[in-house]
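Given as structure tokens, the chain that follows is alone and in the form predicted alone.
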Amino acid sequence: MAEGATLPDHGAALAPLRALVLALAEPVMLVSADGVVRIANPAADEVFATPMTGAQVRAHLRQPDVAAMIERALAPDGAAGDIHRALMVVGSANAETTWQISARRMGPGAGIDATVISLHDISHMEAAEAQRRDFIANVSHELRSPLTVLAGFIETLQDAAQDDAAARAQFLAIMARETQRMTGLVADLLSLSRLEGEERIRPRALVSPVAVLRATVAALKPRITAAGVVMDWNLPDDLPAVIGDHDQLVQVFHNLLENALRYGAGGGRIALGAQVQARFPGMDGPVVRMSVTDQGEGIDPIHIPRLTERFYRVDRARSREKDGTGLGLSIVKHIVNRHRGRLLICSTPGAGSSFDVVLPCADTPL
């Protein structure tokens, strides 16, 4: 091999480069023209689960697109300063990681012939893009169904049923219901968008948990009465205040109680409870734990981890039949996150469900 074709193991140029590579947080390797890794930082060793210094880089970057990119970067006729990129997807039992691998040959001014290969974890960007695609697909689907219904009934009313008073009344009632469902969906989408923008801004007002729950029950009183549900009120009057946004916390329990009325009213009773806990895992100081518990059909445990995903439904047909938008629990999750709280879901098929919201107590009483 010609002199200068590979990076020497020792030399004046190596020491500062070694110090620089080792100081970088992202996985970085310095590779000689023959593909041997001359310097690798601990982050690179961790990614490949082996010490990379002295290893042949081609043996570890074997996915076709990545291997082809490495060959282009190490080609003898490659130009210094050119940047080559490829994506490498690494899967495990728990997750999938997407790495953007970049290779850039060092210029003549560096005094050595070597290529810098770096890895950048873009899994969060890939996940965000996948969520965006899923979100657009779900919104389109959710709006297309009622719009199709409306278009069909409008066409029928303009033609065959225009002189049929009974059919006209029936169709208009269905159209009104579908319009109301679309209006609810758009309202929830706007609410969710606003909450995502505010999630990092913590509320500052003192809020009474009892006042929040009383306001929620008052707003839903007609639906509670219509459902024939008995409300069990298990709240001490001396609950400490929490720091929060009163209206958003009302929305949390409005959504939880509304879900209980939709899917758990068959049990005949819904309980609202609250208690103070001196300690809660992952939170400092005392907390207020508020719960909405029904005696309905319950939820299979397999669904519980995904209940707060946007548009996720245990039973899509039943949810639409009950005018659910599939966004209620996602809104709850974002509000609870903004309040630095926790949402706990516990359910047993055939024995009902319990949704608990845990919020840190305020240092100052109301």
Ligand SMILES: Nc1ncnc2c1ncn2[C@@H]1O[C@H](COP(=O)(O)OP(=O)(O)O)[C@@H](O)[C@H]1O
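All residue numbers are counted from 1 along the displayed sequence. Every value quoted in this text rests on a predicted model; they were computed, and no experiment measured them.
The next section is about a form of this same protein that is not shown, the form predicted together with the ligand.
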Original post:
Within 4.5 Å of the ligand in the predicted bound form, heavy atoms considered, which of N259, T115, S191, Q248?
Top reply: N259
Original post:
Between the options L61, M69, V28, L327, which residue brings a heavy atom to within 4.5 Å of the ligand in the predicted bound form?
Top reply: L327
**OP:** Counting only non-hydrogen atoms, choose the one of 333 to 341, 29 to 37, 43 to 51, 299 to 307 that falls within 4.5 Å of the ligand in the predicted bound form.
**Re:** 299 to 307
Original post:
Might W99 be said to contact the ligand in the predicted bound form, defining contact as any heavy atom within 4.5 Å?
Top reply: no
**OP:** Using the partner position in the predicted bound form, report whether Y263 sits within 4.5 Å of the ligand, counting heavy atoms only.
**Re:** yes
Original post:
With a 4.5 Å heavy atom cut-off, would you call D65 a contact of the ligand in the predicted bound form?
Top reply: no
